[in-house]
Each structure stands twice: as C-alpha cells, then as structure tokens.
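The chain below stands alone and is given as structure tokens, in the form predicted alone.
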Amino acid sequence: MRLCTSAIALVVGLLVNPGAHASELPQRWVSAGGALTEWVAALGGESTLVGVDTTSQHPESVKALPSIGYQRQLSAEGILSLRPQVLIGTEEMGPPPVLAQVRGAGVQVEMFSAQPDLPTLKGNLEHLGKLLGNEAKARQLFSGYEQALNQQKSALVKAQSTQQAPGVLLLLGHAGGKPLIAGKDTAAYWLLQQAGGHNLATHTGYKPFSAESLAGLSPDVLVFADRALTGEAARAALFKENPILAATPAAKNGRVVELDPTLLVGGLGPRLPQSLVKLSAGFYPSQAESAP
C-alpha cells in the first residue's frame, strides 16, 4: 500500500509540475546544419546552443556563437572545447572519424535526415521536439509548415492555369566560379518543384557546370545561390566567370533570381515556404503582377 501511495504521489507531482524534468534535458548543444539550427531556435531552444557550423546563419543571433567550422569538415577538438552534451547534424555532417571521436568523449550525437520531403521533416521535428522537451511545439510548427505549402499549391494551380511552367536551372557557386547545377534528390530540386519550375537538370545531386552540360538546354529562368557574394556583385561574378550563361533566354529576358544558399543545407528549413513565394513570383511574373 505504501508503494502505491508513493507511485501516486510521483504521478501527481509530475502533473502539477510537468516541467520538473526539464533540468534533466541536455543544456549544451552544438549544431552542424543550418536548417537544424533554425528549427532549434524555432522550438525555443536557441539558449541551449553553445556552438554552430558555418552554414548556420539564421537567426541572426546565432552568428555570435563560436564556430565549429564547415559541417563536412569538423574537428573533434573544436567541438569538444565547447563542452557540449549534444551534437546534432544530418548525414552531411562529418567526417566519420571525427564523429566517432566525439561520441567516444561521451557526447550524445544525434543524426537527422537531410532528405527533402515532408515525411522526413515531420520525423526530424518530432525528434528535435522530444530532445528539447517541446513536442507540442514541434507538432504545431509542422502543421503550420504543411498549411503554408498547401496555400502555395493553391496559388500555383491558379498561376499554371494561364502560364506554362518555366524551364529552370539552379546554380550553386562561390564568387561566381565553378558553379554546380542542382539535380534530383536535393533541397534545391524540391524548392524548384514546389515553386512551380521545371528543373531542366536530369542528373542526381549536384553536378559541375560546364558548357557541355548547358548544351541543348534553354532555361527560361536562372536561379543562382552564391556562398561568398550577394546581390549585384554575385550576379556580375556569375556572368563574368561563366559568359556562356549570357546567351540563355533567362539572361536575355532578365529572368535571373537570387537564392540564399543556406536554404539548401541540412534539409527543409523553416524559411523555405517564404522563399517559395519569391521564387514563384519569378517563375510566374504575370500572376505576381495581378496579385493584390
């Protein structure tokens, strides 16, 4: 009888103070992935972050945190110096020997999928929500995300009733030089598709840009993401380093759209639905002009 009373007292205590276990949750996190960092912040966990990788540029406040370097080229020393309890990242994180060394030091390494689709995002958010003790918020965020995408689909149906889907290429580069063309099974491909563009690239992953790869393709729209430059400087560098692009219908008609490269790292991030609206406006200008 005494045991039952103790058990009841424990349950009542948890019901009265459901946050009592919060102190047991890991309080020192390091994130190696831009999208994951953004989701941690959206889930109210930014205060737990003690370090981030170079792809973590949002929210603006995380730029003040110590950097652990690029997600694919991490060093165990840099990570362990921050005394983290948890390291989060996707399968893009590495190299593997570094992760093994971090695990060996007693750090909890949590891997997430960067696969660009909604079921994966739902699973990622559920996992993060559980780790942060905020599963209800995770469900709320996913529901809002799904709703935003449904609104985008409705707008796209309307746009495509009067305009044909444009042929698009997405170029990811650094100061204009040697860009990569985004193909299938990438966040870029998902983004173009959701925005209503027809990706002319048929390969999988990212492939180096070349004159040969452009042969036979006539993109109506060029989307470029530069990891070093922004704005007009990025646009000028792209065409200076790759003059063949100037002959495309996209360049001749001024249909060249810039995209934040951090949107393409670590799976689907919270800013993607908003970026879809911008891309769709570039893909379907008539629809954008008629919008209230």
Partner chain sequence: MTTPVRPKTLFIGLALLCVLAIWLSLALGPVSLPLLDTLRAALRLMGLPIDPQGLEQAELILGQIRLPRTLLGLAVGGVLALSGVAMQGLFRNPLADPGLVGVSSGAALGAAVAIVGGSLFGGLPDAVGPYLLSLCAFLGGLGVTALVYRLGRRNGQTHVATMLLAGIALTALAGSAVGLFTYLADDATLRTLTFWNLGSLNGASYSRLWPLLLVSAAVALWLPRRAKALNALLLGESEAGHLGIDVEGLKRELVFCTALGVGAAVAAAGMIGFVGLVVPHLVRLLAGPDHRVLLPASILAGASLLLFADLVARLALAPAELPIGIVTAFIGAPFFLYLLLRGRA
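Residue numbers count along the first chain shown, from 1. Only the largest set of C-alpha atoms that superpose within 1.5 Å between the two forms is called the rigid core. These figures come from a predicted structure and were not determined experimentally.
One more form of this protein, predicted together with its partner chain, exists but is not displayed; see below.
- Message: If we define contact as a non-hydrogen atom of the residue within 4.5 angstroms of the partner, is I181 a contact of its partner chain in the predicted bound form?
- Response: No, I181 stays farther than 4.5 Å from its partner chain in the predicted bound form.
Is G144 close enough to touch its partner chain in the predicted bound form, meaning at least one heavy atom pair within 4.5 Å? Judged by the heavy-atom cut-off of 4.5 Å, G144 is well away from its partner chain in the predicted bound form.
Although the partner isn't part of this model, could you tell me whether H174 comes within 4.5 Å of its partner chain in the predicted bound form, counting any heavy atom of the residue?
Close contact is absent here: in the predicted bound form, H174 is far from its partner chain, nothing within 4.5 Å, heavy atoms only.
Check: Going by a heavy atom distance of 4.5 Å, is A201 a contact of its partner chain in the predicted bound form?
Finding: No, no contact at 4.5 Å.
Within 4.5 Å of its partner chain in the predicted bound form, counting heavy atoms only, one of 114 to 122, 144 to 152, 131 to 139, 205 to 213 shows up; tell me which. This holds for exactly one stretch, 205 to 213.
* **Site check Y189, A250 and G254: each within 4.5 Å of its partner chain in the predicted bound form by heavy atom** => Zero of three within 4.5 Å in the predicted bound form.
Its partner chain: the contacting residue among Q160, S75, Q193, Q108 in the predicted bound form [heavy atom, 4.5 Å]:
If I apply the 4.5 Å criterion carefully, the residue I get is S75.
Residue among P26, P59, P66, G44 with a heavy atom within 4.5 Å of its partner chain in the predicted bound form = Residue within 4.5 Å of the partner: P66.
query: Is any part of 210 to 225 within 4.5 angstroms of its partner chain in the predicted bound form by a non-hydrogen atom, and which residues would that be?
result: Contacting residues: none.
Does G133 count as moved between the shown form and the other one, where moved means a C-alpha shift of 2 angstroms or more after fitting the rigid core? Moves: no, less than 2 Å.
Honestly, after the rigid core fit, is H203 moving at least 2 Å at Cα between the shown form and the other one? Yes, because once the rigid core is superposed, the C-alpha of H203 moves 2 Å or more between the shown form and the other one.
Margin query: Superposed on the rigid core, does the Cα of R83 end up 2 angstroms or more away between the shown form and the other one?
Written below: No, the C-alpha moves less than 2 Å.
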